[in-house]
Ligand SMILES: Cc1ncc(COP(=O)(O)O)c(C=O)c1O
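Shown here is one chain on its own, the form predicted alone, set out as structure tokens.
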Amino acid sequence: MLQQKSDFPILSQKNKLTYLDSAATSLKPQAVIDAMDEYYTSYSANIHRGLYPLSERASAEYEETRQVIADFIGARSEDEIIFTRNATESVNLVAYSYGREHVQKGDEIVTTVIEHHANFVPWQQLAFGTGADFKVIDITDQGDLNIFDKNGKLQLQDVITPKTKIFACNYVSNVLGTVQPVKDIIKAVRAINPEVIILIDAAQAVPHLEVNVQDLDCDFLVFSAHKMCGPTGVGVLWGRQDLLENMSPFLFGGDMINEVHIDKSVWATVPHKFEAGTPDIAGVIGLKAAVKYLQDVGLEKISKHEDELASYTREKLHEAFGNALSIVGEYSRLPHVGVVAFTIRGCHPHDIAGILAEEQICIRAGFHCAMPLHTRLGAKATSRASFYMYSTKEDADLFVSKLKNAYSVLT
């Protein structure tokens, strides 16, 4: 089992925090905090503008992150990496800059019922605004996407058609915890319609799994720094360079132009034409430190650690609550990450979370920004415990013990 707690300052405080909400946002290691502090204390200047040493260093550190991210996800070029505020903005950038220029009435946009709102609502609204058909793939009672036959073979002929322009799906569900076979799904989509543009929401995958965009063969991939030990306020959009070069900017302003005249403006080249204004410089530098931290620990070790903890927790929950407990996605045949979302008969998830909060145990309660999925599951809300490298069996044991106390209060 990994023992990374000492690297995370918030866990060394006297309040004895038990943090089980890493799917919402991860904690930040000292290395990331130090990298951001160093920027603010040693070379806090704007980028791409000054010729003096502080600005040149800030620009170099910022742009180095682009190369680090490109290597981290297997991109062909650092020019394919665009920094945004979060994965949500990354999806919206594609929906606006690509979608509004290419999707027309009668076209199809396909996504799934298991999506986070960030990878659902932008496509829904794009369809509503253009007159395209919005198609949503359902799930089985076990929580798997309803695209497999009884032998487990992908069947997408009724979903993807010659009219399909965009297909968007997540790599890992933030509720079910399931890891989708995205490489196989992409291959099946392209076999039916090679012209489909495919976007993968990897916000819940990149913190835990090796992701290679060339191997996946998608067109766009998005994720957020704050779910992978990085700071809030920074997201990443990776896109195929040929697509990015032919897309119009999403935001207009400073640093995304080459020329401005009264009668016209000329945009900067990719990726800068999509990064208007002063960015979160410290945050991007912090993301670089986070990637290096993850690489030092090892994603394979992190994934194994989380899987063991989640399996252990599911076992303890079943022992404690028996038939009163329901864990969503538990019986999926797909691999899982360290996410355990559940309901307990007679206990509202918000009440559970509130009682645990009094014990300094942090879990999530609600729709988890996935209301269509909860509606499909027939659940008004779920409680969710999510694990990361700094989580331990002691955390899991304390969580189950205090959850039993909450159950006795609420029933």
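These numbers were taken from a predicted model, which means no experiment stands behind them. In this text, residue numbers run from 1 along the sequence as written.
If you look for the form predicted together with this ligand, you will not find it shown, but the lines that follow are about it.
**Student:** Looking in the predicted complex, any heavy atom of Ala23 within 4.5 Å of this ligand?
**Tutor:** Looking in the predicted complex, residue contacts with this ligand include Ala23, since a heavy atom lies within 4.5 Å.
**Student:** Does at least one non-hydrogen atom of Ala203 fall within 4.5 angstroms of this ligand in the predicted complex?
**Tutor:** Yes, Ala203 is a contact residue.
**Student:** Under a 4.5 Å heavy atom criterion, is Arg314 part of the interface with this ligand in the predicted complex?
**Tutor:** Taking the distances in the predicted complex, the answer for Arg314 is no, it never comes within 4.5 Å of this ligand.
**Student:** Determine whether any heavy atom of Lys135 comes within 4.5 Å of a heavy atom of this ligand in the predicted complex, and answer yes or no.
**Tutor:** Taking the distances in the predicted complex, the answer for Lys135 is no, it never comes within 4.5 Å of this ligand.
**Student:** Can you work out which of Gln180, Gln124, Ser332, Asn86 has a heavy atom no more than 4.5 Å from this ligand in the predicted complex?
**Tutor:** Only one listed residue qualifies here, and that residue is Asn86.
**Student:** Have a look at Val172, Ile82, Ile147, Ile281 for me and say which one sits with a heavy atom within 4.5 Å of this ligand in the predicted complex.
**Tutor:** Checking each option against this ligand in the predicted complex, the one that comes within 4.5 Å is Val172.
**Student:** Taking the partner as it appears in the predicted complex, which of 219-227, 269-277, 126-134, 103-111 has residues with heavy atoms within 4.5 Å of this ligand?
**Tutor:** Of the options given, it is 219-227.
**Student:** Can you name the residues of 92-128 that have a heavy atom within 4.5 Å of this ligand in the predicted complex?
**Tutor:** Sequence-ordered list: His116, Ala118.
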